[in-house]
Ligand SMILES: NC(=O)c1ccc[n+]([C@@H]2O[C@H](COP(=O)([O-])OP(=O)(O)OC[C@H]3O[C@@H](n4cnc5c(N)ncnc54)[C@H](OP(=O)(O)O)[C@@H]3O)[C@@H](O)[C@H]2O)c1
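Taking the form predicted on its own, here's one chain by itself in C-alpha cells.
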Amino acid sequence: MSNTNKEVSVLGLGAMGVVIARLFLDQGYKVTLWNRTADKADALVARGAVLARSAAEALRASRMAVMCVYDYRAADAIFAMDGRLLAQLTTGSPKDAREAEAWAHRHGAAYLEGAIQAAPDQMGRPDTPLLVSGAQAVFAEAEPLLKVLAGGIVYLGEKASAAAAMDLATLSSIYGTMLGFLHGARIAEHEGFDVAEYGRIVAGIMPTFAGFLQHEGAVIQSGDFAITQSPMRISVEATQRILQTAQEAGINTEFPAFAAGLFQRADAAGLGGEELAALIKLLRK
C-alpha cells in the first residue's frame, strides 16, 4: 500500500477499537473515527485523528474501513456503505458473517471477515493472531493494512464465514481446556496443593499437549483411527477416575460427569479400541 493510500476509517472505539486506531496513527495513517460516544475519541483526535459526525461520513472518508464494535447487533445500526472495503473485526457467528457479507455486496462494498485472537495490549505484534476470510483479491488489497494490527495473519479462504467458524472452533478448545483446568484446581485445593504450582505444572505440559492435539487433528482429517498415540480406552478409564475422585472428595462433578459420560458412550459404541480422536464419531451423530 503506497503512502497516498494510507487512509483508514475506524468504527467503534471500545478497548480494541482504540488500540486499532492508535496502531494506524503510529504507522502514519490518516485515521477517521466514528463512535456512538464521541468523547471516547478525544485522546486520538489529540494525536491527529479526525472524528466524523456520523458512521456514513467516516465510511466516505477512506477506501478501507475497519469495524470493531461489541457485537453484530451493534454493527447493524451503523451500516451505511457506498462502495468501500469493510474489514469486519466484530466478534460474531458464521451466520452473522454470511449475512454481513451479503449486506455489503448488496451495497456495492467489498467485504472481509476477521477474528482477532488477542487482547488489546497484544495487538500490533509480529505474532498477534488474526484470522481472515473473504475474496482473495480483497484480502490482497487489505493485507498491508491488516498487518499493522497483527503479524500472525491466517487467511482461511474465500468463504466469508470461515474466520468466525475457526474462531469459535479454537474458542471451544480454549474453554474446554479452561473448564478442565478449573476442575483440576479444585482437586489441588482439596488435596492441599499450591494451586499456583499446579498452574506452573500445567503450563509446562502444554507444549507437549499442543503437539498431541495437532496429531489428533491430522488423524481426524485422515479418517484413519487406528491407534497411533493414545487408545480411546485409556481415556475412558481416566475420565471415570476423575469423576470418582470428585465424588469421593465432595467437589463439583459437572465437568468430569460430562467427560466420563461421553467416553463411556464411545466405548459402548465400540470405539474403545481406536485412537482417542475417534470420539469425534460420537459427536458427529
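Quick caveat: nothing in here was measured; it's all calculated off a predicted structure. Sequential numbering from 1, following the sequence displayed.
The form predicted together with this ligand exists for this protein as well; it is not shown, and the discussion that follows is about that form.
Comment: 86-94 is the region of 192-200, 86-94, 100-108, 131-139 lying near this ligand in the predicted bound form, near meaning a non-hydrogen atom within 4.5 Å. When this ligand is considered in the predicted bound form, Ile174 lies well away from it, no heavy atom lying within 4.5 Å. Contact annotation for Gly152: none of its heavy atoms lies within 4.5 Å of this ligand in the predicted bound form. In the predicted bound form, no heavy atom of Ala259 sits within 4.5 Å of this ligand. Of the heavy atoms in Ala49, none are within 4.5 Å of this ligand in the predicted bound form.
Scanning Thr37, Ser54, Gln221, Asn252 against this ligand in the predicted bound form with a 4.5 Å heavy atom cut-off leaves one residue, Thr37. Shown without its partner, this chain lists Val69, Ala246, Val236, Leu44 as candidates; in the predicted bound form, only Val69 has a non-hydrogen atom within 4.5 angstroms of this ligand. Residues from 10-30 that approach this ligand in the predicted bound form with a non-hydrogen atom closer than or equal to 4.5 Å are Gly12, Leu13, Gly14, Ala15, Met16, Gly17, in the order they occur in the chain.
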